[in-house]
Structures are given as structure tokens and as C-alpha cells.
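Consider the single chain below, provided in C-alpha cells and representing the form predicted alone.
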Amino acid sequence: MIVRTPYAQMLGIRSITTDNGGTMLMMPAAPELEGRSDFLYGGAIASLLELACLEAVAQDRGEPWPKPINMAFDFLRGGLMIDSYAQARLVRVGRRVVNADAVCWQTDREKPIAMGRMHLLLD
């Protein structure tokens, strides 16, 4: 769902179904996403994490457009100019607010480059 948004399309983000039936997002490296030389721009990584959280809510609740309340990021290491992946999970689903967290990695999921936590408001 989220990959059909213009912003996700601009970033080239694709949805990938995992072996356990979950969904993760993949953002291919592109020269437009380069920050400092040979590294991904942190904003692109943050956007991938945000879209992964939105996708997790959309997959779970069938609500494609929850309203973001806030999001926090932890940048753990520099993102290289290679494909990046992100997957989110819902930590808590309340009547009005959802808490989600996401992890972003490149070659090894066990070595994330960034993590994020997001609160979303449901309609």
C-alpha cells in the first residue's frame, strides 16, 4: 500500500514479502540519495523507517493513512550506497494510538544501520 505513494515511488521503495508472510521495504541506492560522499543521506534512511512503520500499520489494520504523532531515530552506523531494507512491527495497538518500531539494515540484518520508534494516531 505505502509503496504506491508518490513519496515512496520517488525514493524507489519496493515492498518485499518475507518467508514468514511479513512485509519489508527495500530502497535501492541512487545518486540522488547520497549525503556525504559514498554514504546515504540520513533523511532517506529516516524516510524508509517511517514508511516501514506506516506499512506495518496498513498491513495490520487495513488503514493506509494513520496520522503520525512523532518519530525518533537512532542512527547506528553510516549507510553505504547500497540497497537498504527496513521492517517494522507494531509494539502496541490501542483504540486511538499505535506504537511501532522499525529497523533498517543493508547487508546483514543483525547489523542495523538505524532504528526508529513511531507513534501514530488512528481515526
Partner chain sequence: MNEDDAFERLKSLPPRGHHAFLGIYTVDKGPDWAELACPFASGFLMDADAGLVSSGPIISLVDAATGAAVIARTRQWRAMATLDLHINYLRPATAGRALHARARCHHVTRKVAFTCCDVHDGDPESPIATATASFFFTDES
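Numbering follows the first chain given and starts at 1. Because the structure is a prediction, the values reported are computed rather than measured.
The protein also exists as the form predicted together with the partner chain; that form is not presented, and the subsequent description refers to it.
Consider Met10 of the chain shown here, and say whether it contacts the partner chain in the model of the complex, taking contact as heavy atoms within 4.5 Å. It does: once the partner chain is placed as it appears in the model of the complex, Met10 has a heavy atom within 4.5 Å of it.
Distance check, Pro28 to the partner chain in the model of the complex, heavy atom within 4.5 Å: So Pro28 does not count as contacting the partner chain.
May I ask you to check whether Ser47 falls inside a 4.5 Å heavy atom distance of the partner chain in the model of the complex? Because a heavy atom of Ser47 falls inside 4.5 Å of the partner chain in the model of the complex, the answer is yes.
Taking 4.5 angstroms as the cut-off for heavy atoms, does Asp60 touch the partner chain in the model of the complex? No - in the model of the complex, heavy atoms of Asp60 and the partner chain never come within 4.5 Å of each other.
Neighbours of the partner chain in the model of the complex among 15-53 [non-hydrogen atom within 4.5 angstroms]: Sequence-ordered list: Pro31, Glu32, Leu33, Glu34, Gly35, Arg36, Ser37, Tyr41, Gly42, Gly43, Ala44, Ala46, Ser47, Glu50, Leu51.
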